[in-house]
Ligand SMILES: Cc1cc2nc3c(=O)[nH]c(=O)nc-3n(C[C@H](O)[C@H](O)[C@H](O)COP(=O)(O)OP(=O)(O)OC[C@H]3O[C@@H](n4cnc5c(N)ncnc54)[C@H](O)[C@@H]3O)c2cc1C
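Take a look at this single chain in structure tokens; it is the form predicted alone.
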Amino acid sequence: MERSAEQTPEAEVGGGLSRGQIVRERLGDLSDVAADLELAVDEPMARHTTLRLGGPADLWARPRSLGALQALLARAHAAALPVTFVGSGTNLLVRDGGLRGIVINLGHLSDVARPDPEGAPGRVEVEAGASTGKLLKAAIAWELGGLEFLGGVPGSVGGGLVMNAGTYLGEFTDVVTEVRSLRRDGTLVRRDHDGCGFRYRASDLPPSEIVIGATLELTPRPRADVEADVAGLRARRREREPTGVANSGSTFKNPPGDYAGRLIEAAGLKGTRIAGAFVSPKHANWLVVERRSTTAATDLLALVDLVRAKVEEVHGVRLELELKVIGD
């Protein structure tokens, strides 16, 4: 299924064709996988991030099968088209110029399975498009522990693997035994835990590949115990999470031995604003955006720069972004 977003003058590049239409033409015939491939030309990325900011993707693609994904990658590779992979957009800021080439989302590839509950009761297979909430819900139903930390981690499993998402209860590195990805030409790569290079809010999973799934090893645990830990984490998140605004969670990584939120607050930055972007008065490490405002990604990035500069001036610490920034 293909659709075209309403075109704007900025998307027109000559000859009456938008950037997205040109990209679609360069891909050629996709009729063999059309039933398993959702496409949208000149798709606003503001529709696909929790910050509700960002210019258009030339071509937005959501495959419904691994075969369709591999076919799309192979044709993009042959046409020398750039490819960007995005998850559910919970930790993502797209610049106002948008994204060139093809943007691929795996939201339709979201299975969670326990293939051998008798022989390998803790083994779980998950596709990258599954939400962290769906994965956690399955683990709770199967009375498996190890994923309690996901009670405080929104987003998709694929994005969570790439950034080794986690909370004080744990992180993906604690449960992953294998990660599977595709290269740009569609070939499959398998990596064991050590080959993933997991570390604090990062990994060595190459940005040139698209993570498609993982094998996890969990531990049998009473459902009531798992649910109690998850409930506690979610309550803690509700206490500190700003409401009524667009946000991406924590904006900066915690520096060694300290907390980004403490440093920002101590620098007197709570409530600091640029246009509709501001430092949350509720939690200083949440840089948020007023809903239904005319705020641009440029405004939020300017606020990021201001906060970084002030924290460095006051504390001598250069904050590192946890938020991923992409696009033109």
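Numbers follow the displayed sequence, beginning with 1. As the structure is a computational prediction, the values presented were derived from the model and not from experiment.
Note that the form predicted together with the ligand isn't included here; everything after this is about it.
The stretch in contact with the ligand in the predicted complex, judged by heavy atoms within 4.5 Å, is 248-256, chosen from 135-143, 72-80, 248-256, 190-198.
This chain is displayed alone, yet in the predicted complex one of A128, L147, I102, L216 has a heavy atom within 4.5 Å of the ligand; that residue is A128.
Checking V153, V175, V124, V94 for any heavy atom within 4.5 Å of the ligand in the predicted complex turns up a single hit: V153. By the 4.5 Å heavy atom rule, the three marked residues G87, I210 and R237 all count as contacting the ligand in the predicted complex.
In the predicted complex, the ligand stays beyond 4.5 Å of every heavy atom belonging to G98. Contact check for T295: every heavy atom lies farther than 4.5 Å from the ligand in the predicted complex. G166 belongs to the set of residues with a heavy atom inside 4.5 Å of the ligand in the predicted complex. Though the partner is left out of this view, T50 does reach within 4.5 Å of the ligand in the predicted complex, counting heavy atoms only.
Contacts with the ligand in the predicted complex, taken as any heavy atom within 4.5 Å, map to no residue of 59-73.
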